[in-house]
Structures are given as structure tokens and as C-alpha cells.
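Let's start with one chain on its own, the form predicted on its own, as C-alpha cells.
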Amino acid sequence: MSKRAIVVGGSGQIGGWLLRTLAEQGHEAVGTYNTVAFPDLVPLDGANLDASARWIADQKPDVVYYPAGFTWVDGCERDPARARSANLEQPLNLARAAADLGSKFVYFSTDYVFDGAAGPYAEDSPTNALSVYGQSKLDAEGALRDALGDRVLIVRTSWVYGPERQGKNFSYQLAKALSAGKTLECPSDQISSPSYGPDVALAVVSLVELGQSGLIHVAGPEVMDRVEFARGIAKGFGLDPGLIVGKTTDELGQVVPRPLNGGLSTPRLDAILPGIMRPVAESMSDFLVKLSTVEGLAYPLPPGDLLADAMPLEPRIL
């Protein structure tokens, strides 16, 4: 059954793929932006709590997706008030507005709710956030559960990468550096689950269609360190993985604590939608295809590189 959906943060990488996936699945979807405008999106300032709640009420959505937020770990540490506003107060305000309509709310969280002492973590693993960013997300999870009960779906994901309109994520930074012959330093002691953005979006939309609620981890099937992840992306782009240099978190000067031995296991997702998340090597083939076939995506490589041989793939629609 077709649903009317709102995607708050439609200019981001997950938000953009949510909008595309919802359209492909036959749903009516409206995306919003706050700071980065695209022609198909409408402005929404979540910090204006009354106005944004009224806008949600006027839209009368069946489901509200919230992939927005303040995700810069160091920035959150420097400005905890902004982190709490963007990651907790604003989504909770919109979630309550959605609940008043009987709508579902989908919140995107992170593996930074864990301390990284013994990953990968399942949904029932004890949480222990090390940073302001992780704590703001963890507090939001609890507040949303208390406020909405079974009308909220909380999705934890990690290390999201893939094609996007803004061209900001790690895979773009890597491609731009390596294609220019520059080395790229990566933390060799940070371990997590790389998650391909288009797969995250398809999995989450599918979970909503199936009526799922509660807490579900949506992450890639592999657990690896950042250097291995970076070299997998480099190989996918046909770039030199030897330009990737591993250094420890301390050597890189990342002062804010990260969950080093992290990552997410996905028992709930695997039971409901087995095989929906692809490993890095397989996803890179799709990454190249999407760059050559989907309009509006940022291009991470010099013009003409690599994409001539990319062949269109069948869309992964469940």
C-alpha cells in the first residue's frame, strides 16, 4: 500500500537514497533540507520547534524518516547544545507531531552508542557512549521509545558510504585524494561495519513496509578496520591502495574518544531481510553503475575516469 512519507534531511546521503527508494517503491515522498538546498526539497528549520511541528501536522504523513542531525563527532564535543538540539530535541519534537497523527517515526542512530570494547554489537548489547555525539544519539533513542512506543523504528547504522549528491562522505574524500596521487592517512585501530548507503535506504524502507518497529541494526555484513575499508574502496575505483597509510587514532590526533573495536551485528535484519546488505567489493560495482546512470550525483573522480565500462544493473526492489 502506498504511503505518504516525509524525509527530514533529504539533502544528505541516506536521505537522498530514502527519497529515491520511496519513489521506486511507489510511495509519495517529500524531502526537506536545512542548510544544503536542492530543487526537489523544501526548507525546514527543525530548531524552530513550533513551526516545524505545524508543518509536519499539515503534511499528514504516514511515516516520517529522520536521517538528519549533527554527526560531526569533534563538532558535537565542542558544541554539546547543538548536538543535543539536532540529535535529540528536534527529532523528538517532530516525532511527537507525527505521533499525534498516528504516524510512524524512523530515527537513525549509530554504533557510537557503544564504547568499542567488545564489538561487533547486537541490538541487546549494553550501551556505553564515549562522546557527546554518541550520548546525544543514545538519549534520543530512549526518549523516542518512551514517547512513541511501537510507533518508532530506531535504526542504528555505521560507516555509511556510497554515491550521493553532496559528495562529502569518506569514499569521495578517498577517491579525490588518491586520484590526485596523494596519500590518505586512515586510523588503523578503528573497526566497524561499512554500510552501503543505497542498501541502508532499501532495507529501512522495506522494514517500514513490513510494519517493523523497535530497534534494528542496519549495517554491512563485514567488520573491518578503516584501512582495509579504504583499500576496498580504492580497488573498486581502480585506484592505488598503496597510497593509503595506516596510523593509530592517537597518531592522527583524534582526541574525542571513538569506539575502536566497534561494528554492528544484524541478527534482526538478517532474520527479516537476509542478504539485503552487500559487502564492500560487491557494492563498489553498484557504486560505479549508479554514478554513470543516476542523475544529480556528485562525481568523485576526474572526468572520464573508470565509468565507461559500467553496465546498468537491475534495481534491487523487494
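Position 1 is the first residue in the sequence shown; the rest follow in order. Predicted model, so just to flag it, every value in this text is computed and none were measured.
One more form of this protein should be noted, the form predicted in complex with a small molecule, which is absent from this view; the next part is about it.
Among D45, D250, E282, D270, the residue placing a heavy atom within 4.5 Å of the small molecule in the model of the complex is D45. Contact annotation: of the candidates Y196, F237, F114, Y133, the single residue with a non-hydrogen atom within 4.5 angstroms of the small molecule in the model of the complex is Y133. Put simply, N34 is close to the small molecule in the model of the complex: some heavy atom of it is within 4.5 Å. Interface membership of V160, defined by any non-hydrogen atom within 4.5 Å of the small molecule in the model of the complex, is confirmed. A residue is said to contact a partner when one of its heavy atoms sits within 4.5 Å of a partner heavy atom; A29 fails this definition for the small molecule in the model of the complex, lying far away. Interface membership of A68, defined by any non-hydrogen atom within 4.5 Å of the small molecule in the model of the complex, is confirmed.
The candidate stretches are 179 to 187, 101 to 109, 121 to 129, 201 to 209, and the one lying within 4.5 Å of the small molecule in the model of the complex by heavy atoms is 101 to 109.
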